[in-house]
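For reference, the chain that follows is the form predicted alone, supplied as structure tokens.
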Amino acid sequence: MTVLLENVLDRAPLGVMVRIARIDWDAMSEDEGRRLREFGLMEGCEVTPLHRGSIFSRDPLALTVGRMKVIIRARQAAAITVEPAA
């Protein structure tokens, strides 16, 4: 089992599947929340962070959700609490 150093998606290790434990919907706009839901990002969903922006920035974050590849902002990822996937 992989131990996460921090429990937010923005800091999750790359290439390691994690489960979304909680999303702070109040930390983002209504449009951002709707967009994340359309991508399938909900509590209980398993995602794998693939890569982050450039060397100088953690923005954006690419991840897989099921068979899709999705890109979200680091600020949005910081509002998503994750736990190790089963």
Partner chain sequence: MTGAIPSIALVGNPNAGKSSLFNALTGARQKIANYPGVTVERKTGHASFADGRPISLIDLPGTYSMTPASLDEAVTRDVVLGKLDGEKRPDALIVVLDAANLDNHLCFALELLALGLPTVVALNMLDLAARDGLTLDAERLSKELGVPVVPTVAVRKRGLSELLVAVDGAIESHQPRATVAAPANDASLRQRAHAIANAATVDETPVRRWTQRVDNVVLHPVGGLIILVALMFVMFQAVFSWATPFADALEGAIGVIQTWVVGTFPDNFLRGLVVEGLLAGVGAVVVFLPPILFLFFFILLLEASGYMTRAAFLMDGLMGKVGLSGRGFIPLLSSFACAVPGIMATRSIPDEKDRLTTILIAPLMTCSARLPVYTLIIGAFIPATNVGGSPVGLQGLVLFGLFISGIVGALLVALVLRRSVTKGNAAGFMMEMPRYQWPRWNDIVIALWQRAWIFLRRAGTIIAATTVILWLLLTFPQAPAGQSQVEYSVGGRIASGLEVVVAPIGFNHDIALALIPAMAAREVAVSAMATANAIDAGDDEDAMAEALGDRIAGRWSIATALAFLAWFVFAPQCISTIAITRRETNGWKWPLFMVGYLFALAYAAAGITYWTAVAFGLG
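Positions refer to the first chain, counted from 1. Here the structure is a predicted model, which is why all the values come from computation and not from measurement.
Although it is not shown, the form predicted in complex with the partner chain is what the next lines describe.
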Touches the partner chain in the model of the complex: Glu46 (any heavy atom, 4.5 Å): no
Ile23, heavy atom within 4.5 angstroms of the partner chain in the model of the complex: no
Contact label in the model of the complex: Val18 to the partner chain, heavy atom within 4.5 Å: no
Non-hydrogen atom contact Arg11 with the partner chain in the model of the complex at 4.5 angstroms: no
Contact set, 36 to 51 vs the partner chain in the model of the complex - heavy atom within 4.5 angstroms: Leu36, Arg37, Glu38, Phe39, Gly40, Met42, Leu50, His51
